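One chain comes next, on its own, written as structure tokens: the form predicted on its own.
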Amino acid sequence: MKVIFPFLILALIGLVLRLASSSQSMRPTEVESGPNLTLLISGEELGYLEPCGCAEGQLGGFPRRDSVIQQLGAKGNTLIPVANGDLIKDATRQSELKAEIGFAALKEMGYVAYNVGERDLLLGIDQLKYLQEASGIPFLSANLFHGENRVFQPFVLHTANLHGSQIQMAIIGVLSQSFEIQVENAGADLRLGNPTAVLTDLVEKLDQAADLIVLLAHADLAESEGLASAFPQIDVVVSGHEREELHEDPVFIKNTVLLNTGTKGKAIGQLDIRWSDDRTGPDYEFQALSLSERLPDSPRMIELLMLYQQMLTAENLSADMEREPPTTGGTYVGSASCKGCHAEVYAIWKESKHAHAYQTLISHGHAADPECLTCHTVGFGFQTGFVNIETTPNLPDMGCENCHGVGGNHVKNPQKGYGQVTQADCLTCHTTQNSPKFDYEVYLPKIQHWKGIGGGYETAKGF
């Protein structure tokens, strides 16, 4: 894996966090008594460190998560944030940079354990160990082995101070054997042990040493239920995968609480744990905290994400990435090439929000972000498509070819039927994550530009 000046990056991240910490605090002034212990669960961010910001109603993001964590801490809660893996989605250089920033953010938010997921392994074991050392967060995996040795520690013992007494919490991490192929691809001699076999010895020992046992199971719900049933000594099982949303209702398997993290960081789980005076119990109360727009953004997380965008700019990822050939239509030519034959249509488009999509990225500081450029420029990621504004000044914005297809052949030899558009074409960018309020029938009239093509709605969809 490519690591560019890792210690310089770490130093920059530290400087940003120190400067951000001196800015206005997110903590409320009133302090209220809280429950004995609050376990905060997250995972499966899949690279979503923040909402893309180009539509209303988006959920998630580290800036909102951090503000929630700070507010809970200010109420007197003893917080134990844990993560169940898959901070990143793929093996791109952009994901490597996200990992640098993401683990620095988790450290600043006080995370005490990180269970390694199969997508995290795409970074490589050496890079993961560097990130563990840089962040100071214990990386867990009780059943990931290199030969006969564990790659990461199997568990961490965390001591929580509660009103003069102490609670000893054991946090274990395991990875489902369904990811054996991903593990084999991550390196020679890497293998996965059977989670049940590995936990048999661990749980027996930890049951004597800990007041509370938490299992971070990077596995689907069915496998996690099986582990909860097999080990009633485990108090809390946090499951990953399968469920898109973090649900309000936990599952109880005998005395074990089974939770899931959801995906893409849209919410954070809050499990309040209370002991009675005679230390029997504990009792649980769970809620999913949706990270909506009504929450303030944490300044220190905003500073970190700004640093991430600067790193993208410095590495010029939008120019260096590999590009696929366009599927059909020749080469990208840009919206201005359509103006000669479709002057009225072009004029209407020019006044639409689509025609200012690239300016939106500039305004939000994301003009060098490859993930954003895909839907805010013409043909990004394809040969002859957008590279950057200097190299391809004719291809910014959501232009004609984004919806109607590559236009080079059509410009040379216009044919009827070119550019048929369906609702599915809109959904490539207007996803539920990036455009949660998208309604095709409501949004379509807002970009209506086909009056000059033949007068009818149907003829407008292909010209």
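We number the residues from 1 along the sequence you see. All of these numbers come straight from a predicted model, not from anything done at the bench.
What comes next is about the form predicted in complex with heme C, which is not displayed.
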* Asked: Going by heavy atoms within 4.5 Å, which of 100 to 108, 262 to 270, 356 to 364, 191 to 199 lines up against heme C in the predicted complex?
  -> 356 to 364
* Heavy atoms within 4.5 Å of heme C in the predicted complex: does residue 402 have any? -> yes
* To do: May I ask you to check whether residue 151 falls inside a 4.5 Å heavy atom distance of heme C in the predicted complex?
  => no
* **Contact of residue 414 with heme C in the predicted complex (heavy atom, 4.5 Å)** => yes
* To do: Indicate whether heme C has at least one heavy atom within 4.5 Å of a heavy atom of residue 337 in the predicted complex.
  => yes
* **Contact residue in the predicted complex, chosen from 206, 375, 302, 123 - any heavy atom within 4.5 Å of heme C** => 375
* **Candidate spot 349, 398 and 410, all three touching heme C in the predicted complex (heavy atom, 4.5 Å)** => yes
* Could you list which residues of 112 to 139 come within 4.5 Å of heme C in the predicted complex, counting heavy atoms only? => none
